[in-house]
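Form predicted on its own, single chain, as structure tokens, below.
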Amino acid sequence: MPRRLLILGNSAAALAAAGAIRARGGGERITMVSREPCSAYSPVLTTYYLRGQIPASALYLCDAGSYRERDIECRFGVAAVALDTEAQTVLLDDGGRLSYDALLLATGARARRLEGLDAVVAAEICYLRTIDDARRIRERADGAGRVVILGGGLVSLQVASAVAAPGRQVTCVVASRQVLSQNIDAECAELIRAHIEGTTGIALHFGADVTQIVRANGGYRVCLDSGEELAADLLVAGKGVVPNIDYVDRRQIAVERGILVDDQLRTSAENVYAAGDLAQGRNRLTGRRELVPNWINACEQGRIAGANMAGAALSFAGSVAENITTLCGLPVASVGVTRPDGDNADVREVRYRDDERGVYRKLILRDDRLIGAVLLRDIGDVGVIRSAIVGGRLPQGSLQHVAAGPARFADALVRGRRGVA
């Protein structure tokens, strides 16, 4: 009887795992379970759909034929509600129960919901994580003259850019003192703030948090701890994500912020693996077990977990934080460790700034190793910089040239390889 491989999830990690399993040529039976009743799509593209740059059809990564070609049994539109690692079964919300010989947990993450609000108001706040979320925002933005967005991270700023329109007032309420506080430094953030406010009219409220939201005059009144009040017709929140692991019994599987995994993507339970935005594994640069949710990590973790479920013994080298995006027409990239914490005595930074071109570039080094970079506007070499960070290479003797721009970077890497082991 063929081994039963069960995959919970249907996005980057899940697809990569299924591909790796089939690439090994075995005859395993693969079943894939997903809460959403559709083929896999890219959450990264939802903001492009939101602003009308692409149709909904362009979001999808595959169609029903793709699953048939890989001989995958699809159970879409149902969700896992309980996992029994001793019996090796998963209970679904439709009452069904699936058995497995090896299981991959790849259910990703969901938008973090705001707490402490009136139930009616809470149900009306929009988030952006799924296709349905994007559709909901598009529908509610029509006719909305005042939009208040809670948060100043990537999702919040992307939504703000997407819904900004002539005659529409868009305000982002940011609890911290800068935008993208988890990704970039204050100097780069200030340049982004100036660009957003100077080119789009989007207002940014810093150092303020919401104390209350109430219905008022057909819309909402947003009360801030600063004493200010904002009127809104549409509310959107972007306060980060939380792993989708409610179905996991923490007495059976070790969990901290996410599901703990080793370098082979194994959980603490036998025959159970985890990959993607819910997997808390080793950060390649810090050595700590961390949640590092991004598409590249999810794909690589899924590939390795899938191969190991099918009998391989591959190891994951570790996650690397990475965000590459365009905010209001401004390219921004952050890779690796961009906000060092703890003892920073051994950390040094090399900066380059050209105000005339609006360029800002910063390299972060520790123990003479490149560990991170923040790039603004001039980001064409971000892939090369990422390779240097991941490979532990140092462009020796030419850091100022590297910081100044990509034209000299390839040569700098050559010199780095010659000068550094």
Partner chain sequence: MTQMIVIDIGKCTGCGTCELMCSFRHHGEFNPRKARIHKTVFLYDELAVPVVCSQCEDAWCERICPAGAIAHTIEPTSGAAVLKVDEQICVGCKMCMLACPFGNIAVGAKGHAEKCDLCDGDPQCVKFCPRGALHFADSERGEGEKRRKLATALAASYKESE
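Numbering follows the first chain given and starts at 1. These numbers were taken from a predicted model, which means no experiment stands behind them.
Not pictured, yet referred to below: the form predicted together with the partner chain.
Proximity to the partner chain in the model of the complex, taken as heavy atoms within 4.5 Å, picks out 327-335 from the listed stretches 188-196, 217-225, 147-155, 327-335. The candidate site formed by 109, 314 and 318 is entirely out of contact with the partner chain in the model of the complex, as no residue has a non-hydrogen atom within 4.5 angstroms of it. Taking a 4.5 Å heavy atom cutoff to the partner chain in the model of the complex, the contact residue among 234, 72, 299, 102 is 299.
For the options 359, 38, 384, 56, the one in contact with the partner chain in the model of the complex, meaning a heavy atom within 4.5 Å, is 384. Taking the partner from the other structure, the partner chain in the model of the complex has a heavy atom within 4.5 Å of a heavy atom of residue 45. Taking the partner from elsewhere, residue 323 is found to have a heavy atom lying within 4.5 Å of the partner chain in the model of the complex. Interface residue remark: residue 295 is counted as part of the site for the partner chain in the model of the complex, having a heavy atom within 4.5 Å. Within 4.5 Å of any heavy atom of the partner chain in the model of the complex lies no heavy atom of residue 50.
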